[in-house]
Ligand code: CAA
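The form predicted on its own is given below as one chain in structure tokens.
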């Protein structure tokens, strides 16, 4: 599939996706979302990619393209929604990092919320301004943001539509790190994560995601089964043997 609005690059075991609609501040349109879905399908099957970073040219993503949505009826709005793509990213079996510079607004912030780890630089402005358009965040923002920063602060951001700067985002817990160079820091973090056992990372991510969607008893049971299944992997044997032998483990994903 040719990519018109994103570009793909590989650095060692890290895949980097760059959003590329700079004239529109990387506003998300239907084609860009389809390209993201395809890229994640390709890299899920690529064993040489262990971590994915999403970033943007100059800006992360300044929301969805309003020109596409102005005259929608409810059925068209449902068809246009980014829900499927962002759910695919959230469930992706490898760690996904967002490297945020400039605007991460509306659907752009919702894209970052679907990632596992968010790193921003001092230029970042993060917000959900949809209320000023007569709508509200409709691609997971009302679900994922409260989980990260609590209901009170999420309501403040969603009800007011006001963006926050990177320092406040760090204080809120909306981003994990504030860096001078978001992409460079994300690459370093990705290299660290790529050295971890892929199967254990996948199972840990599934357990964390499941914990929000099922009751405590079922979540505990799921965790126990997933944890015990790690003992069927070579990586578990390698990790524990390396610890005993006081050396660095070499994880193969098997």
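Numbering follows the first chain given and starts at 1. For clarity, every value in this text was computed on a predicted model and none was experimentally measured.
Although it is not shown, the form predicted together with this ligand is what the next lines describe.
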property	result
Candidate site 95, 117 and 182: all three near this ligand in the model of the complex by heavy atom within 4.5 Å	no
In the model of the complex, residue 174 touching this ligand (heavy atom, 4.5 Å)	no
Distance check, residue 198 to this ligand in the model of the complex, heavy atom within 4.5 Å	no
4.5 angstroms heavy atom contact with this ligand in the model of the complex for residue 135	yes
Residue contact check: residue 66 to this ligand in the model of the complex, 4.5 Å heavy atom	yes
Location of this ligand contact in the model of the complex, chosen stretch of 87-95, 166-174, 67-75, 144-152 [non-hydrogen atom, 4.5 Å]	67-75
Heavy atom contacts to this ligand in the model of the complex at 4.5 Å, residues of 95-113 in sequence order	103, 105, 106, 107, 110
